[in-house]
Structure formats: structure tokens, C-alpha cells
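Quick setup: the C-alpha cells below cover two forms of a single protein chain, split into structure 1 and structure 2.
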Structure 1
């Protein structure tokens, strides 16, 4: 008897709060059923930081606020057959994109960083320096939704989407039966 190959899934968290990964864990006991169908590759859930081989599904949480986020997202697009934007930060930039309004006003990035690290109220920064270490990724001019950087195949909306919606979407996707959401499926009341 030949055992079916498990689908390979990778996940990443970019500029967001990690709430969508917590929602993945909210599948509770259904995770056991899902793990019988998938094998997790690169993911904070496994602590694998590099792809071990091509993946069937990539799941991205968060938008892109720095150059490292862009590189990770591009790497996922190159290494995943299907790429899913999970949650509002990945789909629209979410809360991190609130800085876009500030950056498009009269205050350039330098002024914002000075207020955040030097002149802001209740700050203690004896060096009066803005962190500038080569290990820190460079900030982008604004926060970008994932689809502004690479092609995204599916969006799962919510902040965070429920474990139910994530599970149902993945099961239908694995069975080749996911064609988008019914209008009544995505509700936030």
C-alpha cells in the first residue's frame, strides 16, 4: 500500500503581532488531523529558518516594513507553489501601516526615528543615537501589503482570522476544493 505524500507547508511572520500564528494554534485538536496531511517546513513553529525543499503552500503573516521582510517574502514566493496572505497586516498592512500616514506628512523618516529614539517623551537614551547596526534591517519608506511586493494566490482576512477559517481553508485547499470564500463565511460580528 502506497502512502500519500504529505503536503509541505511553510509559514513566516513579517511586520505584525504574531497573532495569526497564534490563530493557527487555535485549531486545537484539529492540528492533529492537519498534521496527518501536512509536514511543516520553514516556520517559527518549527524554528527552521531556511527552506529544506520546495513547499506546496506558504503562509505569510504581516506586511513588509523593512528590507528583511521583503527578502523573506520574495524567498517564499520563489519556494512555494501557493502563497497565502494571512490576516489584515499581510493583506492591507494592518496596524504597522499606520506609520504610512506619518511618513507621507511633513516628517521624513529621520525625524520620526529621532522622536522615537532621542527626543520623545519619557525616553532615556544616554547616547542620543538612533540604533544603526548592520544587523538591523533597513526600514522601508512605508509598510507594504504582501501583494504590493509579490503575487499572492489567496487572502484569509481577519485580525486574526479564526482557527476555524484557517483550518477550513487549508483542508479545502489541500483537497483542491478552495475557490474563495462564500460571503457569509467571513464575518466579524
Structure 2
């Protein structure tokens, strides 16, 4: 009898604060149990920059604020069977999407950058320039939720979601028994 292979999991942090990745670690010693069922492929946790092979589950933190985010997300979609949006930034755009509120402007992106680097109060930017190193990915006109760029299979809400909920969801998914959340588990008030 062949032993069941471990599920392959990949993760990425896009336009997020890395808080959701920290939350993954918040499952504490249950990580040991989880690691008996999964192996981590492309992820900041392994520091693999590319997929070594197709994965079963992809976990995305953060939405898309620049072209590189889009590229990574599309790559994840193409290389993962199931894609999970983890946390509010991935699901809705979150805090970074506040720049989408600059609506009544002819050039919202420029206005945003100017305020962030030149005109904003309490700034210390000796160069008075907007950074434009060729290595910097181009920003998008708006911050997009993951679901606007690729199809997302599941959302795990929270900012950041608790280690418990991440663990429970992964365990149920691996057992093929995840059918969405009970209302009580995702209330925050």
C-alpha cells in the first residue's frame, strides 16, 4: 500500500503587511502536526522564489497594488489547484485600497505619490523625489482585490485571521471537508 503523498502548499505575500503570514505561524505547536500532512513549496517561509512543481493549495496574503503582485498572483492561479485569499487585504484590498478613495482627481495615482513623497505633512524625504528605480515594479491605477484578478476558491476573513481559523480551515480542506464557515466563527463584533 502506497502512503498518501503530502499535500503541497505555496504561499505569497502581495500588497499586505506580512501580518497574515505571521498569523500562519500563530498556530504554534500545531504547525508540527500540520507539517506531517503538508510540505511547503514556493513561499517566503521556504524562500523558494519559484514553484518546484504544481501545488495543491496556494495561500495569498494581500491584494494587488503593482504589476509584480499581479504576475505572482496569476502564477499562483496557474500552479495551484485551490487558491485561498487569506485576510482582508487579499479579500477586499484592505488598508492599501484606501488609495482607491482618491476619486475626484484627474490623476489619482500621481496625487497619491506626491502626497506620500513630496507634499505630505511630517515627511522627511531629502531628495524631494518620487522613487523611480528601474527595478521598482509599476504601480497599478488602483489596488485590486485578488478576486478581481483571478478566481479565488476560498476566503479566510480577518485582519489578521487567527492561527486557529487558519489551522482549522487547512485541516478541513485537506480532509475534503471544508464547506465554508459557520457564521459564529467569522464574527468579529
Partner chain sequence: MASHPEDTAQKSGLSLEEKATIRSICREVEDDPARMMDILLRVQDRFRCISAPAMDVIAEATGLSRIAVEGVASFYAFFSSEPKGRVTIRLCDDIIDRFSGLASVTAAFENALSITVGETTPDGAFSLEYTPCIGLCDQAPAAMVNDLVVTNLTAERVHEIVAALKAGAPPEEVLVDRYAERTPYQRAKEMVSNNIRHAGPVLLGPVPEDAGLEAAVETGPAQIIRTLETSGLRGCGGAGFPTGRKWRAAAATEADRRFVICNADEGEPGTFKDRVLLTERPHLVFEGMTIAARAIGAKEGIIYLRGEYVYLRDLLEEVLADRRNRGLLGPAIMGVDGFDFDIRLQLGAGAYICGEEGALISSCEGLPGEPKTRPPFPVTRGYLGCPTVVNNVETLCHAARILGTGAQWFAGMGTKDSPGTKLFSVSGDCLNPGIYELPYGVSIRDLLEMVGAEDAAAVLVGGPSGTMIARDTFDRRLAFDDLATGGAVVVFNGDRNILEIVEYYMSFFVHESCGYCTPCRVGNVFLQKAIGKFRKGLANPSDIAYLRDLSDTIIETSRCGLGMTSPNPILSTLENFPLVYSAVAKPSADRTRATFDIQSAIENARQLAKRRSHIYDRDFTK
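Think of the rigid core as the biggest set of C-alphas that the two forms share within 1.5 Å after superposition. Positions refer to the first chain, counted from 1. Since the model is a prediction, treat every value here as computed from it, not as a measurement.
Colleague: Pick one: which is the form predicted in complex with its partner chain?
Modeller: Looking at both copies of the chain, structure 2 is the one that matches the description.
Colleague: Take the rigid core as the frame of reference and indicate whether the C-alpha of residue 81 shifts by 2 Å or more between the two structures.
Modeller: No, its C-alpha moves less than 2 Å.
Colleague: For residue 114, give the CA shift between the two structures in Å, the superposition being done on the rigid core.
Modeller: With the rigid core fitted, the alpha carbon of residue 114 is displaced 2.8 Å between the two structures.
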